[in-house]
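Structure 1 and structure 2 below are the same protein chain in two forms, each given by itself as structure tokens.
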Structure 1
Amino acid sequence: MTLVELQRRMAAAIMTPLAISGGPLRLEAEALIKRNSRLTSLKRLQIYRESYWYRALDSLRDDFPGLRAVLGLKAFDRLAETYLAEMPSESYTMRNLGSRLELWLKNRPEFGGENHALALDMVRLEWAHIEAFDAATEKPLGPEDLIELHEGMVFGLQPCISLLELQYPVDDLRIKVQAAGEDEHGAASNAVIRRKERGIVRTYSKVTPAETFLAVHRIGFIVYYRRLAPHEYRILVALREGRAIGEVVASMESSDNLELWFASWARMGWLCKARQVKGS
């Protein structure tokens, strides 16, 4: 057995769901790990399995507090355990654990139940939050770069900005959940936190649908959610797609707010040079 084969078998054994024990797993443990005077091969493997699974589940709980509030604790934990079993980590960092959660949940609506659409919107927002926190940024264009806008100009958007078209105002919900969690910071007992979380679920699992356009962005080391007007959202999407200003304006019903929006985007550092100009 090569080192690579050994590593792959060991990783597969560690990532085996905790509900599975004995039988083939015991035989695999004995093939990979020596027993000692105190622990069998399977029990030694179990130490690593529990470390992996408890750390992975804690990471998802930390990254998706809004989803926990929508689904409830038990439903969230069922979702998390099934997701990790079906979509095991392929990355060296826990940061990427939830990268495939939106697509997985789309195909597994039973885990969202009656709040499936709300849960999907929350996952999209919370993954955008993760990406905005540590995504790259490029040198922003300032107001002086926008003095003379002309039809052929093409801009880029900062890589750390996500543009979301949502069915529910999950930004407000996420902020409330975060604030509730901060109120319990430093609580001595997990029971206190759990009681608080159950209250969050009862209060926030029923949210009235409302079309919401959102930019998730970062200023310094803080992530912000900014509501967008529908036309503003569509212009930003068009700019991200590499469309020239003239083409964007021609598709708008009104360009009354265009200069105001561009000035606002420049102040926030959203605009940067396009990575690739059309026709180049």
Structure 2
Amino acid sequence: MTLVELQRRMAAAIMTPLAISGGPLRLEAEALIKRNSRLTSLKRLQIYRESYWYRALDSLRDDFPGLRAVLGLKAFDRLAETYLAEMPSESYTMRNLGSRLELWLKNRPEFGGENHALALDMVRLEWAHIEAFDAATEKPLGPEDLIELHEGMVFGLQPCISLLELQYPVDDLRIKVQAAGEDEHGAASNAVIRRKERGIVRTYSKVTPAETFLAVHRIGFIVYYRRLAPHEYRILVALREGRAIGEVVASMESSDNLELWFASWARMGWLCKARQVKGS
């Protein structure tokens, strides 16, 4: 057996969901792994299987506390196990474990619970949060850069900013879930935290859809969610797409608040120089 053959078979065995045991898995373990006087081949394999699944599930639980609150603990774990089985990690870092969850969940509405759209919105918000935490920041444009504005100018947006158009105000829910976890951290059992999370889920089970435009961004080391006006959102999206300021303004129905928004974005350091396109 070659190295790659062994690794393919071991990885397949390790990544087999924990609910599956015995039979073929035992035969595969015996074919690959020696037994000793204390542990069978399957039990030795089981140490690695449990390590893989507990580590990956813990990572997703940590990264998506809002989704866990939306779905409830059991439904979340079912979703996470299926997602990992169908979309195993393709990155060297566990940070990226949830990078394809939105895409996957779009195609698997049966895992989104009673309110699939709410779950999807929460996934988008929580992935944006992860991205904002350790994304790069460019040197923000200062007042001196904005003195001579002209129509052909192109701005960049800080890479740590994600712009989200959501059907539900999931930012409020995420903040409440986070606060519940922080309040109880170290001071209560998991059961108490779960009761608190269930309470939040009940509160939001009848949440009314409300079109929500959001910027997930970072100031210093802290990630913030900032609500945007619909027009404000569209301008920011256009800027991110690399459209010139004149073109963006011309496409707007009204220029109300424009100065206010630009001043606000500049104050928060959101604007930066546009990235050079290769070959240009």
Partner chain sequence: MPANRLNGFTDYEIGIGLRIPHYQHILKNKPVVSWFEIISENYMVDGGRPLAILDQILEQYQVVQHGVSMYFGSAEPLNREHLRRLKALVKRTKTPWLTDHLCWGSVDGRYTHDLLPMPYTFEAAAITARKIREASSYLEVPIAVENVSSYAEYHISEMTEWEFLNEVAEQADCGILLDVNNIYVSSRNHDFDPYEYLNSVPPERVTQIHLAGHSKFERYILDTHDHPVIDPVWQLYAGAISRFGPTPTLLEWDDRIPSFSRVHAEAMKARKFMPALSPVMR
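Here, a residue number simply tells you its place in the sequence of structure 1, counted from 1. Quick caveat, the model's predicted, so the values are computed rather than measured. Rigid core here is just the name for the largest C-alpha set that superposes within 1.5 Å across the two forms.
Engineer: Between structure 1 and structure 2, which should be identified as the form predicted together with its partner chain?
Structural biologist: If we ask which form is the one predicted together with its partner chain, the answer is structure 2.
Engineer: Can you work out the angle, in degrees, by which the smaller rigid part turns relative to the larger one between the two structures?
Structural biologist: Smaller part versus larger part, rotated 11 degrees.
Engineer: Using the rigid core as the frame, report the C-alpha movement of Gln7 between the two structures, one decimal, in Å.
Structural biologist: C-alpha displacement of Gln7 between the two structures: 4.3 Å.
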